[in-house]
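Next up: a single chain in structure tokens, the form predicted alone.
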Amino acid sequence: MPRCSICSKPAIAYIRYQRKYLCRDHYIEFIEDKVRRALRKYKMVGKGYRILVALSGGKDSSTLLGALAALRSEFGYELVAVHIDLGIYEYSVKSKMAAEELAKKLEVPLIEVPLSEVLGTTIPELANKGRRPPCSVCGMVKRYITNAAAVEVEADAVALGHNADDLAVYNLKSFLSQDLEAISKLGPKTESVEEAAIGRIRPLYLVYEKESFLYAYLKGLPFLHEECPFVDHRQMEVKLKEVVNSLEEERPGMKIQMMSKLALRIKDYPKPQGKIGRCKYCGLITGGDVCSFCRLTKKALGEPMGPKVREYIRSKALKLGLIPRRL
């Protein structure tokens, strides 16, 4: 049986790109050190920060919250989590259970936003009424509500569970389509727009998808193993992921090298053009007069729902004692 390269205990993982075996404890330490180095190298957090974690209930968001919770006393930041109940049948029921269990286990305040209660509808229904693909609607809704929650709880940053595999594929797709402005958003962090959008950080920037899964499993972090029923395996990202994985197999560490170099050159890519404004209904960031969320909900539900979402989150935050934060 292979032995840990550090302590000689039985190994549970082999890190090909570093050519070393690790036991359970040193593997957990290895992943948490990756997150630690990313937080420091890319200046993602500061002492006294409030970080809102987007907690879906999947493996990556569970690993994200678990690693950040393990490091919070070291860095001196505060954690708050938000979970959006999308109403996607049994998948959302199980996701919610995993998120609730994890937040309780790690003693992190959790703001839950059930779409059926706040909007009176679900992602499948909203997509149908808006005549748009479910994945498109889902992504937009999650981005909006996560940002709204961050603004309402006065967060300093939103932590996303994007891993190196995800980002390598997004990077390649954007390059192939020459959407260079999209690449500028794939760095370790983005900046805030005062009172309209909270900057995002990616602590798993240099963590592989398989590494994320094993970390969550070894630490006993609750997470949902199932895939969303709306995932379309014909999408370009699926094929590109196969290509990137093939390259990684031949050249271990390739994805991390790609993302590390992108972080160094991120400022060389053009930023999105156009004005940055505030939605006339909800006050959050938009490129026009009305944000995508308020525009869709007005079309599908008869009224822009941004203000109601913000009011709902604010009431939840008050009950949890999260606001007012600064007097």
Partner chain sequence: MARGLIKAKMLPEGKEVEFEVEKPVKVSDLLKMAGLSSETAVVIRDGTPLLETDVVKPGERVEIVRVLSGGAKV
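What you see is a predicted model, and the numbers here were worked out from it, not measured in a lab. Positions refer to the first chain, counted from 1.
What follows is about the form predicted together with the partner chain, which we do not show.
Of the candidate stretches 67-75, 187-195, 213-221, 148-156, only 213-221 has residues whose heavy atoms lie within 4.5 Å of the partner chain in the predicted complex. For the options Lys105, Arg143, Lys239, Arg132, the one in contact with the partner chain in the predicted complex, meaning a heavy atom within 4.5 Å, is Arg143. Using a 4.5 angstroms threshold between heavy atoms, Cys228 counts as touching the partner chain in the predicted complex. Taking the partner from elsewhere, Tyr89 is found to have every heavy atom lying beyond 4.5 Å of the partner chain in the predicted complex.
Among residues of the shown chain, Ala11 is one whose heavy atoms approach the partner chain to within 4.5 Å in the predicted complex.
In the predicted complex, at least one heavy atom of Lys255 sits within 4.5 Å of the partner chain. Not one of Arg50, Glu100 and Arg325 places a heavy atom within 4.5 Å of the partner chain in the predicted complex.
Contact residues in stretch 35-64 (any heavy atom within 4.5 Å of the partner chain, taken in the predicted complex) are Lys59, Asp60.
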